[in-house]
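Given as structure tokens, the chain that follows is alone and in the form predicted alone.
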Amino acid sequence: MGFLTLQSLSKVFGDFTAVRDVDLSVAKGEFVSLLGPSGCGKTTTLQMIAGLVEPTKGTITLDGRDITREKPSRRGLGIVFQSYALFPHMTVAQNVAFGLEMRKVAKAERDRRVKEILGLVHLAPFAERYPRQLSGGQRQRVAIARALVIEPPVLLLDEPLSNLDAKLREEMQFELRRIQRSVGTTTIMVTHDQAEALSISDRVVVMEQGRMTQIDAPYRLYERPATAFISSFVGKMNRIEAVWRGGRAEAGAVALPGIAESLPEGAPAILTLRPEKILLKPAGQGLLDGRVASRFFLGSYWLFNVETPIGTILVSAPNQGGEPAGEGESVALDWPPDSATVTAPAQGAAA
């Protein structure tokens, strides 16, 4: 059993099931992200862990203790909300100390812990400033410090970086991971940003329509998505409709290689292939011929839309300093057989 365990956890609102039979075991010190689109149940799951929403059924166990029905204040968890929720009339130090004051921690110990945590988040020089005098990234670090200073067994993060601009958000991803590793606090983060989840998590839990559909390390999740939905939601992906026949995915008159698990002969299939796995070659020297319909220069790499007999294929190629294939030019597409995954089509629409 893990440090934090969810067993058959479900939440029903009226006739709508927001979370359905969730099972998850999180190790002590692990950083796990709940990833999925809006309405998939990830925030409801986090709120049940926090005690803000009562489960319809199932159990939540923390370090061997059943906390399913405990009040939020008795769980002792640290929570960072999307809005930061800082007190505008308090200084940085006062905001961070607030939770310790509520727990009747002695002033000397309180001051020591506040000073220590502000040093950890690189905010010691800003202790006497007010939230309005800080940047977005600094306010976010105050919120994290306030959650960590109480030394919680678990830190819960609800879309913690969504209010930041793109550049600052990327910087804060690595800052957040640095802080978490320094403290070693078990952390659960909710996000809809797949790049964010992949970059800083030990494991990522993909949620779809209230269920956890894949729990895996970021690299394996990206390389071997378990469903067609995951393949399209996590990163850019080509999806080619096909039929599984003779160990290949037949798309029209073209038979394409790929790895498939448990697909019967003649079954409908989706071949998924990352754009960066595809090589551009001279026409006639690959698996599939096509024509460059458009190309886009993105600094470190080029993106190509290549028209083929089975549809438009997105190709990503690193910028090597030379001029790549131009629009209207005939090319061939090639890829290693183990770079493509063949799965059954998704059942129903994603939430």
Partner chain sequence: MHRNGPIALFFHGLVVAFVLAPLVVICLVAFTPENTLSIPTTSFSLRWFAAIFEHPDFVQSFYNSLWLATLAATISILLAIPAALAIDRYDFPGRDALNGLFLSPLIIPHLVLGVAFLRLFALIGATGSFFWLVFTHVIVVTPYVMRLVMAALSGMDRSAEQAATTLGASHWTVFRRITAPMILPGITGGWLLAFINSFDELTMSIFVTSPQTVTLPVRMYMYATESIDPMMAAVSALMIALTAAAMLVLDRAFGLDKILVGQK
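Positions refer to the first chain, counted from 1. The structure presented is a predicted model; accordingly, all values stated were derived computationally and were not measured.
Keep in mind that the form predicted in complex with the partner chain is not shown, yet the notes after this line are about it.
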Verify the contact flag for P264: yes if a non-hydrogen atom of it lies within 4.5 Å of a non-hydrogen atom of the partner chain in the predicted complex, no if not.
no
Does R132 reach the partner chain in the predicted complex, with heavy atoms at most 4.5 Å apart?
no
Report whether the minimum heavy atom distance between Y219 and the partner chain in the predicted complex is within 4.5 Å.
no
Taking heavy atoms and a 4.5 Å cut-off, does I79 contact the partner chain in the predicted complex?
yes
The partner chain: the contacting residue among I240, L198, L86, M172 in the predicted complex [heavy atom, 4.5 Å]
L86
If the cut-off is 4.5 angstroms on heavy atoms, which of these, M102, A166, A108, A253, is the one near the partner chain in the predicted complex?
M102
Only one of 241-249, 211-219, 190-198, 90-98 has heavy atoms within 4.5 Å of the partner chain in the predicted complex; I'd like to know which.
90-98
Full three-residue contact with the partner chain in the predicted complex, heavy atom 4.5 Å, for V32, P153 and V205:
no
Taking only heavy atoms into account, state which residues of 125-148 are within 4.5 Å of the partner chain in the predicted complex, ordered by sequence.
R146
